[in-house]
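We begin with a single chain expressed as structure tokens, specifically the form predicted on its own.
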């Protein structure tokens, strides 16, 4: 295997995949190192799925500049990558004077940022747009440019396009050390040493730890937990826009240690579900873990205030996410401690003093919206440092995968004549065929776990949550990967479904 590269990206989340895609645009030999078995297995897979407009960010910051530009180009990006995108618009609502003050501030801020299609509306128009809201809405900030996309679908598409243009991905490859050498760096993993001219640190919640393998601490991450509900497609149509709520009793200081309250958010997803959340609770762990009762008690209270008729009987699952919160740190009493408030802008560090080492530390909301812009920023820096020019052979198009549920009967019949496996429906809830799952396994990079199949095809994400199709998915993975069913994992190291991984083979 090749061990020398122009650029090494650490982390295969949304940001790492888009950074790789932009690096190969310049013809740079690029490798992505990921400690897990697949792309988008960390914070990228668990967020609110919102494509923001830029009215929530401070004027004059790089975050705002990127967000506004990214939002305007998101339709084009999704067409290039064959990704589903809904520009459904959003309503930020309030029920009292405190919330109204926040909405008016965001409206003025959005106008200053150059956000288009932004206006304040009164109760009558608000209820015309969303009739199921609780009584007493005082006003709403309407942003027609807000959209929603599936984060993992976007990340997988970016990874496939990067790979098609020459980027390499190494999975189950944990970075253990980084050292300087003449002309660049040596990145040591648990399996090999990679010689590289540039390093781009996109390690998500572990980006601070990766940077500290070589440089002194400057920014560290102190995550928060977000709990979510997911409602079945039977609730589709109950809301039409992304709805966010500015509460009157919001903790003014963000309540880092006690759990700040951002209000409720409701998202109509491109698959027809409704996403409800997140809570905003403190946590001591950087590992995605279980949901917690305190988070759902907060969500339940907010649902009763904002949309009490929300059909929670259609709730099919819940999950937990982690959000990076970056803080400047300083040495005190022999250890590094937080200094001041959480950093709200994107933190892009050059600890080596040049573009040979770039670190994205604490890229939080709107990180998904800005993933391509951030990747482009890193690639332009690296290309200028290395003297690289854009490669005219770069192809930005990744054809959309087959989705049999979206085809007409005639289109399905024609497809099945060539590929009968597209006619064998495995996931009844989502209408996902065997052929789609085989495509997902053999894409590059492809699915190697049951949840990897779900993220690429939707199989197992419907009302029965895999109760019907999981066995068949395991059999397909084992057959196509030429391994035993007992070796198939649900989602990552140790998550064996059948026998805990112990086999006689």
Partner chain sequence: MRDIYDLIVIGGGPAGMAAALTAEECGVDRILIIERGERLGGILNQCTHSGFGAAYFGEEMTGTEFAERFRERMSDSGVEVITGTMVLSVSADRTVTVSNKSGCAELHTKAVVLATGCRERPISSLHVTGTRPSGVFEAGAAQKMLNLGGYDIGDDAVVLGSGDVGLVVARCLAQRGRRVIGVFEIRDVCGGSDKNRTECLDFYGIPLYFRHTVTRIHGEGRISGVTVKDLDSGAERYIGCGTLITSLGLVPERELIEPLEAEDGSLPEWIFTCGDARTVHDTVDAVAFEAEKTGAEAAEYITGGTDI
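Numbering follows the first chain given and starts at 1. Note that the structure is predicted; figures quoted are calculated from it, not measured.
As for the form predicted together with the partner chain, it is not shown, yet the points below apply to it.
Among the residues 79, 87, 317, 195, the one placing a heavy atom within 4.5 Å of the partner chain in the predicted complex is 317. Interface residue among 237, 73, 289, 309 relative to the partner chain in the predicted complex, by the heavy atom within 4.5 Å criterion: 289. Taking the partner from elsewhere, residue 354 is found to have every heavy atom lying beyond 4.5 Å of the partner chain in the predicted complex. The partner chain in the predicted complex is approached by residue 471, whose closest heavy atom lies within 4.5 angstroms of it. By the criterion of a heavy atom within 4.5 Å, residue 425 is counted among the residues contacting the partner chain in the predicted complex. Taking the partner from elsewhere, residue 434 is found to have a heavy atom lying within 4.5 Å of the partner chain in the predicted complex.
The putative spot formed by 245, 247 and 361 is not touched by the partner chain in the predicted complex; no residue has a non-hydrogen atom within 4.5 angstroms of it. Partner contact region in the predicted complex: 281 to 289, out of 173 to 181, 363 to 371, 281 to 289, 159 to 167, criterion any non-hydrogen atom within 4.5 Å of the partner chain.
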